[in-house]
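Only one chain is included here, represented as structure tokens and corresponding to the form predicted on its own.
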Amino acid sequence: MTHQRVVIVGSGFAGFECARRLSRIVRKSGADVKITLVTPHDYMLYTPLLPDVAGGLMDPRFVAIPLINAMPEVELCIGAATDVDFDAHTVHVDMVGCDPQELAWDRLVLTPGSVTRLFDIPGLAQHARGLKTVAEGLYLREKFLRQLELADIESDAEARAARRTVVVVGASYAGTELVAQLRAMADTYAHRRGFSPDEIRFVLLDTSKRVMPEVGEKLSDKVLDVLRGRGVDVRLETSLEELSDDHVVLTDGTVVPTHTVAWVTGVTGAPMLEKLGLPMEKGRLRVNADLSVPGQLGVFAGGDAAAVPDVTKPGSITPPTAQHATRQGKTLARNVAASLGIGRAKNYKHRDLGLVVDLGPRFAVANPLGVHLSGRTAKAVTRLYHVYAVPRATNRWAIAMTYLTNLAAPRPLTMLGLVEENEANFAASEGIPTVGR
């Protein structure tokens, strides 16, 4: 074998973009380089639209980009990378349905992404669900719809109220989008069944003093007003003390009867990173400005798994967002190619372009390039951005058609039973060890 092999671990935003871009660079150069992408799934998940999946607006197929269509020249290894032998230059991969494999590499790119950050709160791992995977998004949707259907035939008023209550922990953009989409789905359900939407209760918790502090005080205040105007009980500087199957206890002592709890409080690096014996920062791998791993020749990392220095803000690291991960993937491709003698390397430098946050019917907030927008204008900007950002024409078309359909017709309320409870817990869905939690 004379070719060199690049192994990329993870098919999230950074890994996907690195593999796709690197395959183009290699093809144009004519170099004899084999690219292997190791991933548990045969798709890249466009995670910013998972709240739309959970809220019943978006079909999960539309936010999953099939890898074999997007990068036919890249070899896929469908399995979970669990460890790396840096001396032997091999990656250990647990395969589904066959024996584990040891993949040899000449260059290694670590982009395994992130998982939900958990805390040692009694009952959290058993009774809450995250929003990082398709399984979690679908489960939240179907669990909530099932509770609404059960509430319709519940004779006890207190039990009915508990089934019609949702608690979402985390008032950053992901948690806030989730509660807004679930609120919209609940309103549709209530109108169809002929009762007041006010009978369905939403509680949004966060330890912060603000909802969505990322968008600035002005937009944060507007978001808070809109959420409370829609009947969402927003409780700041508050979190969970304990969870059970039919209620939660808040840190202020309040008991909230509920069967549906979403935990969307932030992320940390994938569990495999802890096995590598490499320097970490805030749960992520330390890397140089060119995304190389210090002390490991031929090893690179990026995306949510890497603590990438923000050269525009000395002393800080880039936040774990899709925007940064996508652009880091492009830099990874360029720098890996440069290490193979193709082109020149460069440091990662990117100015934050702002956030777009869809908050249900007729409202969104956005701050593109520092311009603060809210309401219908922000809604249009947000949806146009998502259609543009999805990296496949077929998926863009499907998402655009969904948005247009939503303007004229209510979102569907069908329960398909696609995900079982044990498939959506943190251990099964995200691979987070939860023993002892």
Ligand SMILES: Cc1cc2nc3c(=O)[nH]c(=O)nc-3n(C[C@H](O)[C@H](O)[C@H](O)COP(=O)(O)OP(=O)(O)OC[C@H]3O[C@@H](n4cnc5c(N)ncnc54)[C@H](O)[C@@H]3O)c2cc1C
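The first residue of the shown sequence is 1; numbering continues from there. None of the values given here were measured: they were computed from a predicted structure.
In what follows, reference is made to the form predicted together with this ligand, a form of this protein that is not presented.
**Q** Is A14 near this ligand? Define near as a heavy atom within 4.5 Å, in the model of the complex.
**A** Yes - in the model of the complex, heavy atoms of A14 and this ligand come within 4.5 Å of each other.
**Q** Give a yes or no for D206: in the model of the complex, does one of its heavy atoms lie within 4.5 Å of a heavy atom belonging to this ligand?
**A** Looking in the model of the complex, residue contacts with this ligand do not include D206, since no heavy atom lies within 4.5 Å.
**Q** Examine P320 and determine whether its closest non-hydrogen atom to this ligand in the model of the complex is within 4.5 angstroms.
**A** Yes - in the model of the complex, heavy atoms of P320 and this ligand come within 4.5 Å of each other.
**Q** Heavy atom to heavy atom, is K132 within 4.5 Å of this ligand in the model of the complex?
**A** K132: yes, in contact with this ligand in the model of the complex.
**Q** Just one stretch in 222-230, 274-282, 180-188, 167-175 has heavy atoms within 4.5 Å of this ligand in the model of the complex, so which one is it?
**A** Stretch 167-175 is the one.
**Q** Which residue among R396, H41, R61, H372 has a heavy atom within 4.5 angstroms of this ligand in the model of the complex?
**A** Contact check passes for H41.
**Q** Name the residue from T238, S292, T260, S114 that puts a heavy atom within 4.5 Å of this ligand in the model of the complex.
**A** Only one listed residue qualifies here, and that residue is S114.
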